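Single chain ahead, by itself, as C-alpha cells, in the form predicted on its own.
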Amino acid sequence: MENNLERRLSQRWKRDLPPPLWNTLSGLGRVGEKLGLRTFLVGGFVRDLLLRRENLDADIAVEGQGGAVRLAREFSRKGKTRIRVFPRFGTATLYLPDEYRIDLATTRKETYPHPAALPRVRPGSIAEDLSRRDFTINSLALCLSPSEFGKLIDPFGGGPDLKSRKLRILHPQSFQDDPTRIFRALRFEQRLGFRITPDNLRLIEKTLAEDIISRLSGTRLTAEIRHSLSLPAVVPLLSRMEKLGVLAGIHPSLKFDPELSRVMSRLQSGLKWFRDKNLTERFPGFEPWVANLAALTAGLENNDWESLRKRLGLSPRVSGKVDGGRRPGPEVLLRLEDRRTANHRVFRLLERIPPEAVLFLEAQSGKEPARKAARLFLSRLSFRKTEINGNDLKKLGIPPGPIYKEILGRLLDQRVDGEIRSRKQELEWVKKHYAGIRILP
C-alpha cells in the first residue's frame, strides 16, 4: 500500500498540485528529517487525497524536539519563506506564493477535564496526535520524511471506513467530550455522502439526552451553527438535525417542519441567484448563513428568539439582520405580492431591511410578484440615488430646512421609477415643482 501511495504522491501530486505547494510539502519532509523530526500530512488533506477530492488546505504535524516551530524556522532560513510562529502553542504558518499557506503543529495529546470543556494539551507522539481527532477518516497521516515517504499511519481503521463510506468516532466518550463533533458528523454526512454508523447514532442520542450541548459556550455553539447554515445542502442537513433532536438541543422551540423546508429551499434558490449576479461584491458584509438563520428562527415567539439570541451571544450586527426578517408585518408581504406596487413603493418597503432578510422575505412569500420585486430591489433599485444634493438646492435659491429631505426624497422616487434619468432632469424637475419657494434676487 505504501508503494502505491508513494507513487500517487510523487506522480499525481506533483502533476496536479500547484508547484509552490508541492515543492513546500516535499521540502518540509527533507528539512525535517535532517533535523531529526518526523513530518506528516494529517487530517482532511489526507482524507481527500484518498477520496480523490481536491483540497489545497494542507495541515502538517511535526513529531520531535522543537516540533513545528523549529522546522518552520529552519525551512524559512533555507528557502526564505515568510513564516509566522507561535512558540507558546507549538504552531507555525508558512505563507507561500499565490496566497497559499501551510499550517504546522507540533504533535500533541489532549485530555478533557469534563464534558464539553476545552481540552488540556501537552506534547505527544503522532499516534497520540491522531487519537485526539474527531473521526476515523480524519485520523490518517502520511509521512513526508524521505525515509518513510508515503507511509500511511492509520491506527483507527480510517482507510476501510473511507471505502465503506462510514462516519465513526474514535472512542465512546468522543461526543460527550466535545459535542461539537455531532454537528461536524452531520455536515460530513452531507458533504461527503457518508453515513454515521448505528452505534454512533446511539451515542449521539445519548449525548443529546444528557443535554451536554447546553454546556457549550455560546461562541462555540454559534460557530457550529454558522458552519452548518453555510452548507449548500442546508435543507437536508436541518432535516437530519430535526430528526435526531439536535435542533431541540440548541433550543426547545426550534423546529424544521415541511413548510419551513419549502421556504428554505426557495431561499437557497435566492442565495444562488444572489451569488450568480455577483451581488456579494455590491453588498459588503453579506452573510448567507444569516439569511438561513432568519428563516430558521422566523417561527419563534419573540421571547424564544430573545433567549436564543442571548444563548448564542449573537452580535448586534447579526441580531439586527435577523430582526430585519422578523419585523416586517404581513402588510409588507401583501404589498410585495401585488403586481401593481410601483417601484418606488418597493424601494421604500425594503430600503431599511438587510439584503439577507429581503431574500428571506422573498422565500417566505413564495409568490412570483414578491420574487420579482425583491430581486429587482436587490439588483437595481437599491443602488439608485439622486445626482444633486443640498448644495445644488441652495444654489437654486431654496432656503435650507426640512424641505430638502422632502425634495430629495421625491426626486429619489422619480429616479427609482425611471421617470428621471439624469442630473439635468433632476434640476429641471426641482425648478418646475419648487419654483414658488425660491428666494429670488
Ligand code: ATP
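All values derive from a computational prediction rather than experimental measurement. Numbers for residues come from their place in the sequence shown, where the first is 1.
Unshown form predicted in complex with this ligand; subsequent notes refer to it.
Asp134 is the sole member of Glu128, Glu337, Asp134, Glu148 with a non-hydrogen atom within 4.5 Å of this ligand in the predicted bound form.
Checking Arg184, Arg345, Arg266, Arg309 for any heavy atom within 4.5 Å of this ligand in the predicted bound form turns up a single hit: Arg184. Proximity of Asp178 to this ligand in the predicted bound form: non-hydrogen atoms within 4.5 Å are present. Though the partner is left out of this view, Gly29 does not reach within 4.5 Å of this ligand in the predicted bound form, counting heavy atoms only.
Though the partner is left out of this view, Thr280 does not reach within 4.5 Å of this ligand in the predicted bound form, counting heavy atoms only. Remark: Phe188 counts among the residues lining this ligand in the predicted bound form, judged by a heavy atom distance of 4.5 Å or less. Remark: of stretches 42-50, 63-71, 378-386, 411-419, the one touching this ligand in the predicted bound form is 42-50 (heavy atom within 4.5 Å). Contacts to this ligand in the predicted bound form (heavy atom within 4.5 Å) from stretch 136-167: Asn138 only.
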